[in-house]
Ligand code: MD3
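The chain below stands alone, shown as structure tokens; this is the form predicted on its own.
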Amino acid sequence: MTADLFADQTPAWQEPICPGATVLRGLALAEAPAILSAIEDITRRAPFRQMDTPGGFRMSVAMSNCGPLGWVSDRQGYRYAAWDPATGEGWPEMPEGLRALARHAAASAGFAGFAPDACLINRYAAGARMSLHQDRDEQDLRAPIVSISLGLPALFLFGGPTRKDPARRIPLTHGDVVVWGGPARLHFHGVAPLKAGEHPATGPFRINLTLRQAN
């Protein structure tokens, strides 16, 4: 993956969710093999693990990170850290091609100048889910979120600025990218329990990469 690959690349189609949020269907499809290969390298150094919430519950999603900062959760709270608490070492470097894809996706959705410094890698097995939440641990909430889906299909839940707002159920498949920012930046979102299946690229898993400008 190199930055020049995205010069003329456009989404297969762009599907608005609400002002500030859109799905870029198939945008990451061509780069998926390189991304998955990079994830194998990253998770050899920073293995997937199920983190604990501040309340003491174990997350159903297994996680890793790459980039200068990584998102972590434990009894001390949610936060970004420059090192992996499991190893005490810095997170693996974010591949430049992945960074370029995220910048391209953000610009395609109307958010030029995105400079991600954190990439949370989530691995969903059958039954894993992500409850409705806001991404608000970042210092600058003006930057968007870029979320890349690979592997098994999932139902992405995208609500409003309060937890009580109804959430749309948006099917996501291999290669889809969701971008949200601006008026939608603090909308609640999550993932419905993953249905069992087998994907030729990821086996029994869904892989989700969420890129953020954390610092």
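Keep in mind that this is a model prediction, so the values were computed, not measured. Residue positions are given as counts along the sequence shown, with the first one as 1.
Same protein, other form: the form predicted in complex with this ligand, not shown, and the subject of what follows.
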query	finding
Which of 48 to 56, 156 to 164, 22 to 30, 35 to 43 lines the interface with this ligand in the predicted bound form (heavy atom within 4.5 Å)	156 to 164
Site check M130, H189 and T210: each within 4.5 Å of this ligand in the predicted bound form by heavy atom	yes
Non-hydrogen atom contact Y124 with this ligand in the predicted bound form at 4.5 angstroms	yes
Heavy atom of L69 within 4.5 Å of this ligand in the predicted bound form	no
Residue contact check: S147 to this ligand in the predicted bound form, 4.5 Å heavy atom	yes
Non-hydrogen atom contact A106 with this ligand in the predicted bound form at 4.5 angstroms	no
Residues of stretch 171 to 185 in contact with this ligand in the predicted bound form (4.5 Å, non-hydrogen atom)	W180, A184, R185
